[in-house]
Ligand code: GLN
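What follows is one chain in C-alpha coordinates, specifically the form predicted alone.
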(Lines give C-alpha, C1' and ligand atoms only; values in the text may rest on other atoms or scores of the structure.)
Protein backbone atom coordinates (compact mmCIF):
# COMPACT_ATOMS: atom_id res chain seq x y z
CA UNK A 1 0.00 0.00 0.00
CA UNK A 2 1.43 3.40 -1.00
CA UNK A 3 1.94 6.27 1.40
CA UNK A 4 -0.96 8.09 -0.19
CA UNK A 5 -3.38 5.33 0.84
CA UNK A 6 -5.00 4.52 4.16
CA UNK A 7 -6.86 1.42 5.25
CA UNK A 8 -10.42 1.73 6.45
CA UNK A 9 -13.16 -0.73 7.28
CA UNK A 10 -16.61 -0.39 8.82
CA UNK A 11 -15.52 2.75 10.68
CA UNK A 12 -15.34 4.58 7.32
CA UNK A 13 -19.09 4.17 7.00
CA UNK A 14 -19.66 5.31 10.58
CA UNK A 15 -17.40 8.36 10.20
CA UNK A 16 -19.10 9.35 6.95
CA UNK A 17 -22.54 9.05 8.53
CA UNK A 18 -21.37 11.29 11.37
CA UNK A 19 -20.09 13.86 8.85
CA UNK A 20 -23.51 14.32 7.27
CA UNK A 21 -25.51 16.91 9.18
CA UNK A 22 -28.83 16.69 7.31
CA UNK A 23 -31.53 13.99 7.35
CA UNK A 24 -32.18 11.44 10.07
CA UNK A 25 -29.73 8.65 10.93
CA UNK A 26 -31.40 6.03 8.72
CA UNK A 27 -31.24 8.32 5.67
CA UNK A 28 -27.65 9.35 6.45
CA UNK A 29 -26.64 5.69 6.58
CA UNK A 30 -28.36 4.91 3.28
CA UNK A 31 -26.75 7.94 1.60
CA UNK A 32 -23.35 6.88 2.90
CA UNK A 33 -23.64 3.40 1.41
CA UNK A 34 -24.48 5.03 -1.95
CA UNK A 35 -21.52 7.42 -1.77
CA UNK A 36 -19.02 4.76 -0.77
CA UNK A 37 -20.11 2.52 -3.61
CA UNK A 38 -20.09 5.34 -6.17
CA UNK A 39 -16.82 7.03 -5.17
CA UNK A 40 -14.77 4.19 -3.70
CA UNK A 41 -16.31 1.15 -5.34
CA UNK A 42 -17.05 -0.37 -1.93
CA UNK A 43 -20.11 -2.58 -1.81
CA UNK A 44 -22.44 -2.55 1.16
CA UNK A 45 -21.74 -6.22 1.89
CA UNK A 46 -18.00 -5.50 2.20
CA UNK A 47 -18.64 -2.70 4.68
CA UNK A 48 -20.97 -4.82 6.78
CA UNK A 49 -18.37 -7.62 6.74
CA UNK A 50 -15.79 -5.11 8.07
CA UNK A 51 -13.51 -5.76 5.09
CA UNK A 52 -10.33 -3.67 5.03
CA UNK A 53 -10.27 -1.24 2.10
CA UNK A 54 -7.40 0.84 0.74
CA UNK A 55 -8.52 4.41 0.03
CA UNK A 56 -6.28 6.90 -1.74
CA UNK A 57 -5.90 10.51 -0.63
CA UNK A 58 -7.63 11.68 -3.84
CA UNK A 59 -10.61 9.43 -3.18
CA UNK A 60 -10.83 10.74 0.39
CA UNK A 61 -10.97 14.28 -0.98
CA UNK A 62 -13.66 13.28 -3.48
CA UNK A 63 -15.71 11.74 -0.67
CA UNK A 64 -15.35 14.84 1.49
CA UNK A 65 -16.47 17.04 -1.42
CA UNK A 66 -19.54 14.83 -1.91
CA UNK A 67 -20.37 15.09 1.81
CA UNK A 68 -20.17 18.89 1.55
CA UNK A 69 -22.61 18.80 -1.36
CA UNK A 70 -24.98 16.59 0.63
CA UNK A 71 -24.78 18.97 3.60
CA UNK A 72 -25.67 21.87 1.30
CA UNK A 73 -28.86 20.03 0.34
CA UNK A 74 -27.94 18.50 -3.01
CA UNK A 75 -29.71 15.15 -3.56
CA UNK A 76 -27.36 12.17 -3.50
CA UNK A 77 -28.94 10.93 -6.75
CA UNK A 78 -27.63 14.01 -8.59
CA UNK A 79 -24.16 13.38 -7.16
CA UNK A 80 -24.07 9.71 -8.20
CA UNK A 81 -26.05 10.43 -11.39
CA UNK A 82 -28.37 7.47 -10.93
CA UNK A 83 -31.24 6.01 -8.92
CA UNK A 84 -33.31 2.84 -8.68
CA UNK A 85 -36.94 2.57 -9.75
CA UNK A 86 -38.83 -0.73 -9.74
CA UNK A 87 -35.51 -2.61 -9.67
CA UNK A 88 -34.25 -0.80 -12.77
CA UNK A 89 -31.37 1.69 -12.86
CA UNK A 90 -32.08 5.21 -14.14
CA UNK A 91 -29.75 8.06 -14.93
CA UNK A 92 -30.82 11.37 -13.37
CA UNK A 93 -29.50 14.91 -13.46
CA UNK A 94 -30.93 18.33 -12.54
CA UNK A 95 -32.96 18.44 -15.77
CA UNK A 96 -35.28 15.71 -14.44
CA UNK A 97 -37.11 14.98 -11.21
CA UNK A 98 -35.79 12.19 -9.01
CA UNK A 99 -38.39 9.39 -9.16
CA UNK A 100 -40.42 8.91 -5.97
CA UNK A 101 -41.57 5.71 -4.24
CA UNK A 102 -45.17 6.84 -4.72
CA UNK A 103 -44.68 6.88 -8.48
CA UNK A 104 -43.33 3.34 -8.26
CA UNK A 105 -46.65 2.39 -6.67
CA UNK A 106 -48.58 3.92 -9.55
CA UNK A 107 -46.51 2.11 -12.18
CA UNK A 108 -46.87 -1.16 -10.29
CA UNK A 109 -50.66 -0.76 -10.35
CA UNK A 110 -50.61 -0.18 -14.11
CA UNK A 111 -48.38 -3.20 -14.74
CA UNK A 112 -50.55 -5.52 -12.66
CA UNK A 113 -53.77 -4.34 -14.28
CA UNK A 114 -52.51 -4.52 -17.86
CA UNK A 115 -50.14 -7.51 -17.88
CA UNK A 116 -50.79 -9.80 -20.83
CA UNK A 117 -53.02 -7.40 -22.78
CA UNK A 118 -52.39 -7.73 -26.52
CA UNK A 119 -51.88 -4.74 -28.81
CA UNK A 120 -51.69 -2.30 -25.89
CA UNK A 121 -50.87 1.32 -26.75
CA UNK A 122 -49.68 3.42 -23.82
CA UNK A 123 -48.72 7.09 -23.44
CA UNK A 124 -46.81 8.71 -20.58
CA UNK A 125 -47.55 12.45 -20.56
CA UNK A 126 -44.69 14.47 -19.05
CA UNK A 127 -42.14 11.67 -18.92
CA UNK A 128 -39.15 13.45 -17.32
CA UNK A 129 -36.49 10.81 -16.62
CA UNK A 130 -38.64 8.25 -18.42
CA UNK A 131 -39.06 6.19 -15.25
CA UNK A 132 -42.76 5.54 -15.92
CA UNK A 133 -42.53 4.90 -19.66
CA UNK A 134 -39.37 2.80 -19.50
CA UNK A 135 -40.64 0.70 -16.60
CA UNK A 136 -43.91 0.06 -18.44
CA UNK A 137 -42.12 -0.86 -21.67
CA UNK A 138 -39.77 -3.17 -19.76
CA UNK A 139 -42.55 -4.92 -17.84
CA UNK A 140 -45.13 -4.90 -20.65
CA UNK A 141 -42.84 -5.82 -23.56
CA UNK A 142 -45.71 -6.41 -26.00
CA UNK A 143 -47.05 -2.88 -25.50
CA UNK A 144 -46.28 0.12 -27.71
CA UNK A 145 -45.18 2.89 -25.35
CA UNK A 146 -45.07 6.60 -26.21
CA UNK A 147 -43.60 9.27 -23.93
CA UNK A 148 -44.07 13.04 -24.20
CA UNK A 149 -42.14 15.90 -22.62
CA UNK A 150 -41.65 19.59 -23.37
CA UNK A 151 -38.00 19.48 -22.24
CA UNK A 152 -35.46 18.28 -24.80
CA UNK A 153 -32.86 17.80 -22.07
CA UNK A 154 -35.28 15.60 -20.12
CA UNK A 155 -36.02 13.55 -23.25
CA UNK A 156 -32.29 13.03 -23.78
CA UNK A 157 -32.03 11.54 -20.28
CA UNK A 158 -35.18 9.47 -20.84
CA UNK A 159 -33.83 8.07 -24.11
CA UNK A 160 -30.60 7.09 -22.35
CA UNK A 161 -32.63 5.30 -19.71
CA UNK A 162 -34.60 3.40 -22.32
CA UNK A 163 -31.32 2.26 -23.88
CA UNK A 164 -29.77 1.29 -20.53
CA UNK A 165 -32.80 -0.84 -19.64
CA UNK A 166 -33.32 -2.29 -23.13
CA UNK A 167 -36.85 -0.87 -23.32
CA UNK A 168 -38.50 0.27 -26.54
CA UNK A 169 -40.12 3.69 -26.12
CA UNK A 170 -41.04 6.31 -28.71
CA UNK A 171 -40.22 9.78 -27.37
CA UNK A 172 -42.10 12.90 -28.47
CA UNK A 173 -41.01 16.48 -27.84
CA UNK A 174 -44.26 18.38 -27.26
CA UNK A 175 -46.16 20.40 -24.67
CA UNK A 176 -48.84 18.35 -22.92
CA UNK A 177 -50.82 21.57 -22.44
CA UNK A 178 -51.33 21.67 -26.22
CA UNK A 179 -51.12 17.99 -27.08
CA UNK A 180 -54.83 17.55 -27.74
CA UNK A 181 -54.44 19.77 -30.80
CA UNK A 182 -51.22 18.28 -32.16
CA UNK A 183 -51.61 14.51 -31.73
CA UNK A 184 -54.13 12.09 -33.21
CA UNK A 185 -52.92 8.82 -31.68
CA UNK A 186 -55.51 6.30 -30.42
CA UNK A 187 -54.50 4.80 -27.08
CA UNK A 188 -55.53 2.16 -24.53
CA UNK A 189 -53.74 3.57 -21.47
CA UNK A 190 -52.66 7.09 -20.56
CA UNK A 191 -50.61 7.86 -17.47
CA UNK A 192 -49.28 11.15 -16.14
CA UNK A 193 -47.45 12.52 -13.14
CA UNK A 194 -47.66 16.20 -14.12
CA UNK A 195 -46.59 19.29 -12.13
CA UNK A 196 -49.04 19.61 -9.24
CA UNK A 197 -47.32 21.44 -6.37
CA UNK A 198 -48.86 24.87 -5.86
CA UNK A 199 -46.47 27.78 -5.33
CA UNK A 200 -48.15 28.39 -1.97
CA UNK A 201 -46.91 24.96 -0.88
CA UNK A 202 -43.23 25.76 -1.47
CA UNK A 203 -42.69 26.63 2.19
CA UNK A 204 -43.51 23.03 3.14
CA UNK A 205 -40.92 21.51 0.80
CA UNK A 206 -37.45 20.28 1.68
CA UNK A 207 -34.40 22.21 0.52
CA UNK A 208 -33.03 19.30 -1.51
CA UNK A 209 -36.18 19.37 -3.66
CA UNK A 210 -36.83 23.10 -3.74
CA UNK A 211 -33.33 24.25 -4.64
CA UNK A 212 -32.13 21.43 -6.90
CA UNK A 213 -34.97 19.73 -8.77
CA UNK A 214 -36.45 21.31 -11.93
CA UNK A 215 -39.20 23.79 -11.10
CA UNK A 216 -40.79 23.27 -14.53
CA UNK A 217 -41.65 19.71 -13.49
CA UNK A 218 -42.87 20.62 -10.01
CA UNK A 219 -44.93 23.79 -9.75
CA UNK A 220 -48.22 25.25 -10.92
CA UNK A 221 -49.83 28.60 -10.18
CA UNK A 222 -52.34 28.45 -7.35
CA UNK A 223 -55.08 29.91 -9.53
CA UNK A 224 -54.47 27.19 -12.16
CA UNK A 225 -53.65 24.28 -9.88
CA UNK A 226 -55.44 21.74 -12.08
CA UNK A 227 -54.48 23.11 -15.50
CA UNK A 228 -52.42 20.05 -16.42
CA UNK A 229 -55.17 17.66 -15.36
CA UNK A 230 -57.69 19.61 -17.43
CA UNK A 231 -55.52 19.32 -20.55
CA UNK A 232 -54.69 15.66 -19.88
CA UNK A 233 -58.37 14.83 -19.38
CA UNK A 234 -59.25 16.66 -22.61
CA UNK A 235 -56.58 14.77 -24.53
CA UNK A 236 -57.58 11.47 -22.95
CA UNK A 237 -61.27 11.97 -23.72
CA UNK A 238 -60.37 12.45 -27.38
CA UNK A 239 -57.68 9.80 -27.78
CA UNK A 240 -58.46 6.90 -25.48
CA UNK A 241 -60.34 4.01 -26.98
CA UNK A 242 -63.70 3.21 -25.37
CA UNK A 243 -62.87 1.35 -22.17
CA UNK A 244 -59.40 2.90 -22.10
CA UNK A 245 -57.77 3.65 -18.77
CA UNK A 246 -56.41 6.90 -17.37
CA UNK A 247 -53.99 6.86 -14.42
CA UNK A 248 -52.87 10.05 -12.66
CA UNK A 249 -50.59 10.97 -9.79
CA UNK A 250 -52.21 13.88 -7.96
CA UNK A 251 -51.80 16.52 -5.26
CA UNK A 252 -52.99 14.87 -2.04
CA UNK A 253 -54.91 18.02 -1.07
CA UNK A 254 -56.82 18.21 -4.35
CA UNK A 255 -58.05 14.65 -4.77
CA UNK A 256 -61.79 15.35 -4.80
CA UNK A 257 -61.37 18.39 -7.04
CA UNK A 258 -59.22 16.44 -9.50
CA UNK A 259 -61.70 13.53 -9.55
CA UNK A 260 -64.58 15.95 -10.21
CA UNK A 261 -62.63 17.56 -13.06
CA UNK A 262 -61.90 14.20 -14.68
CA UNK A 263 -65.54 13.23 -14.29
CA UNK A 264 -66.63 16.38 -16.12
CA UNK A 265 -64.88 15.02 -19.23
CA UNK A 266 -67.06 11.90 -19.23
CA UNK A 267 -64.79 9.48 -17.39
CA UNK A 268 -66.36 6.93 -15.09
CA UNK A 269 -65.35 4.29 -12.53
CA UNK A 270 -63.26 7.03 -10.94
CA UNK A 271 -61.19 5.78 -8.01
CA UNK A 272 -58.97 7.80 -5.68
CA UNK A 273 -56.23 5.51 -4.34
CA UNK A 274 -53.97 6.11 -1.36
CA UNK A 275 -50.18 5.81 -1.48
CA UNK A 276 -48.00 3.87 0.96
CA UNK A 277 -48.23 6.79 3.39
CA UNK A 278 -52.03 6.68 3.38
CA UNK A 279 -52.38 9.89 1.37
CA UNK A 280 -54.76 10.23 -1.61
CA UNK A 281 -52.18 10.15 -4.39
CA UNK A 282 -53.61 8.46 -7.50
CA UNK A 283 -56.69 8.53 -9.68
CA UNK A 284 -57.69 5.62 -11.88
CA UNK A 285 -60.66 5.93 -14.21
CA UNK A 286 -61.97 4.67 -17.54
CA UNK A 287 -63.50 6.18 -20.64
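This structure is a prediction, so every number in the text was calculated from the model and none was measured. Positions refer to the first chain, counted from 1.
There is another form of the same protein, the form predicted in complex with this ligand; it is not shown, and what comes next is about it.
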Next on the checklist: in the model of the complex, does every one of 238, 244 and 285 come within 4.5 Å of this ligand, counting any heavy atom?
Outcome noted: no
Checklist outcome for this item: Here the chain appears without its partner; judged in the model of the complex, the stretch of 114-122, 157-165, 212-220, 79-87 with heavy atoms within 4.5 Å of this ligand is 212-220
Checklist entry - Within 4.5 Å of this ligand in the model of the complex, heavy atoms considered, which of 187, 97, 146, 150? => result 97
Next on the checklist: Just to be sure I understand the contacts: of 62, 230, 249, 46, which is the one whose heavy atoms reach within 4.5 angstroms of this ligand in the model of the complex?
Outcome noted: 249
Next on the checklist: Please tell me whether any heavy atom belonging to residue 75 falls inside 4.5 Å of a heavy atom of this ligand, as the geometry stands in the model of the complex.
Outcome noted: no
Checklist entry - For residue 135, is any heavy atom within 4.5 Å of this ligand in the model of the complex, or not? => result no
Checklist entry - At the 4.5 Å heavy atom threshold, is residue 177 in contact with this ligand in the model of the complex? => result no
Checklist entry - Any chance residue 193 has a heavy atom within 4.5 Å of this ligand in the model of the complex? => result yes
